[in-house]
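Shown next as structure tokens: one chain only, the form predicted on its own.
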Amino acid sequence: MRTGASPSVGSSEPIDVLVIGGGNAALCAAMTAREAGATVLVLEGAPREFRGGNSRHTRNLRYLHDSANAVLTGPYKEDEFWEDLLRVTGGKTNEDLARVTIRASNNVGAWMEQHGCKFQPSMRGTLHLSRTNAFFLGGGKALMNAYYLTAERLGVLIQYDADVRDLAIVDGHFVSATYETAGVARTVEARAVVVASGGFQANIDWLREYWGEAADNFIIRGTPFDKGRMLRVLLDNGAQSVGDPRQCHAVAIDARAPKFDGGIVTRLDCVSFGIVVNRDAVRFYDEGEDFWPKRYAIWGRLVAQQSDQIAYSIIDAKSIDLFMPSVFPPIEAQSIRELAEKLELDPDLLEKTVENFNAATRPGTFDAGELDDCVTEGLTPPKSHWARPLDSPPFYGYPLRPGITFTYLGVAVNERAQVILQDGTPAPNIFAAGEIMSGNILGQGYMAGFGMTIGTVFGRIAGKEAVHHVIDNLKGS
């Protein structure tokens, strides 16, 4: 290793650590490796203006901490963290890797601040995250800008518009990467590689393999650059796959959102406070099952399973100020019938659905911040909390589509972030971090801020272990 030196592309000596990707996991790996003395090159497929992958659309990170601090209102300890993860995944998680993630996140906010992150007091409203999640001042884009600035100051070389097309892997050992930039093909050799290039959610053809024509109605919340090329290359080169290809972080978002890159502002947080119906004006799931941060990521899949992958969230005037509004205004009407007509639903059917719901609600003490006792009785599906009659005009409707954040099909890794080959052995110098390996931990479901946790923890692990491999390899040569 050329300790203290900055890397250069095209030099006779290989780069120590090549990082493929440009989001949170990639930058955490790059900064960690560089601080350990390695020469580091980051290949980011996006232009500089769109760098950061899905991380630039994030708002917060969930991490372990024993007590309140300047931005968190109380403790969030391992047992509770683990139980929350078990609940959202239904037990579909690799406990060893999940425990590594949880434990290694302990007070990670301090490390993030040392690398340029600034936090703000936790968001108020319906998010219920003031104790568990720290919010980035300026959001994910500000975080990524800070990380890039820190990486550059450390001497990490960053190349944008670098579309990595292939990896040369011989007997499970990484040798070089081929990438295109400005129409020119280039090859870079490295002693170790960290693949942190995301999932395949922006590859509609690949999604269609598992979802059929329904995939054409999916909206991709984040970067259009996550085509899954490196995932495919790793799998073709003998990496062991992990995760269900139909599982993903899928949120119900405003159907009027753009096909790609709409980000966090297109998410709708009103589901808990009203009802959701499909194109037939029929409810299909319990809207009040749990707090929104623990259940919001199931709603994308629920909508995806409906006819034409469309649904409609309906609330009344009592609830319009209880949630963060979408970037798109609601569709407003003075009656349920009028609202149905504006939403192009059958007015008679929607009126009947609302009448049945209203009749099934039982008196209780409404509390937007607690699992209250406002429930339905004798209704299928039930509404477990926050069930109040829709009886106060004006009425509001939002059209919903599945908003895909990232896919869970990925490569298997061990606790050192090494990619596991099909024969069960770890690739000695191939490491993975972030969305491309999140399926090890997220077999299904999601909880707010946890993707950033996985990326931060395994990015740092991958960067550290890549350097350890380089040092050990040079000692043996």
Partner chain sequence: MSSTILKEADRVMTICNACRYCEGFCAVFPAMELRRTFSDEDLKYLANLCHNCRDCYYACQYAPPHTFALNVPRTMAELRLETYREYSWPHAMKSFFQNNGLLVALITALSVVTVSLLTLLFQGHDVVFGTHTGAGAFYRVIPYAAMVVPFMALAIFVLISLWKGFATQWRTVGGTPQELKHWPAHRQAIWDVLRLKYLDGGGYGCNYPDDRFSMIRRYLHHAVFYGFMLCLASTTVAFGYDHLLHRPAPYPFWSWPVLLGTLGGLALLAGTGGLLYLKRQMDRDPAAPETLDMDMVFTVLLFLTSLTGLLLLCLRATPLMGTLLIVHIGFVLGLFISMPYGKFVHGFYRYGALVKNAIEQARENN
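Think of the rigid core as the biggest set of C-alphas that the two forms share within 1.5 Å after superposition. Quick caveat: nothing in here was measured; it's all calculated off a predicted structure. Positions refer to the first chain, counted from 1.
The discussion below concerns the form predicted together with its partner chain, not included here.
- Among heavy atoms of R267, some come within 4.5 Å of its partner chain in the predicted bound form.
- Under a 4.5 angstroms non-hydrogen atom cutoff, its partner chain in the predicted bound form lacks R62 among its neighbouring residues.
- Interface membership of S326, defined by any non-hydrogen atom within 4.5 Å of its partner chain in the predicted bound form, is confirmed.
- For F119, a non-hydrogen atom is located within 4.5 Å of its partner chain in the predicted bound form, even though that partner is not displayed.
- Though its partner chain is absent from this view, in the predicted bound form it lies within 4.5 Å of a heavy atom of just one residue from P394, P258, G238, P347, which is P258.
- This chain is displayed alone, yet in the predicted bound form one of L137, A104, I331, A214 has a heavy atom within 4.5 Å of its partner chain; that residue is L137.
- Look at 199-207, 317-325, 295-303, 376-384: in the predicted bound form, residues with non-hydrogen atoms within 4.5 angstroms of its partner chain sit in 317-325.
- Heavy atoms closer than or equal to 4.5 Å to its partner chain in the predicted bound form belong, across 46-63, to the residues R48, E49, F50, R56, H57, T58, R59, ordered by sequence position.
- With a cut-off of 2 Å and the rigid core superposed, W111 has a Cα displacement that falls short of the cut-off between this form and the one not shown.
- Comparing the forms between this form and the one not shown on their rigid core, the Cα displacement of L268 reaches 2 Å or more.
- Core-superposed comparison between this form and the one not shown: the C-alpha position of I320 differs by no less than 2 Å.
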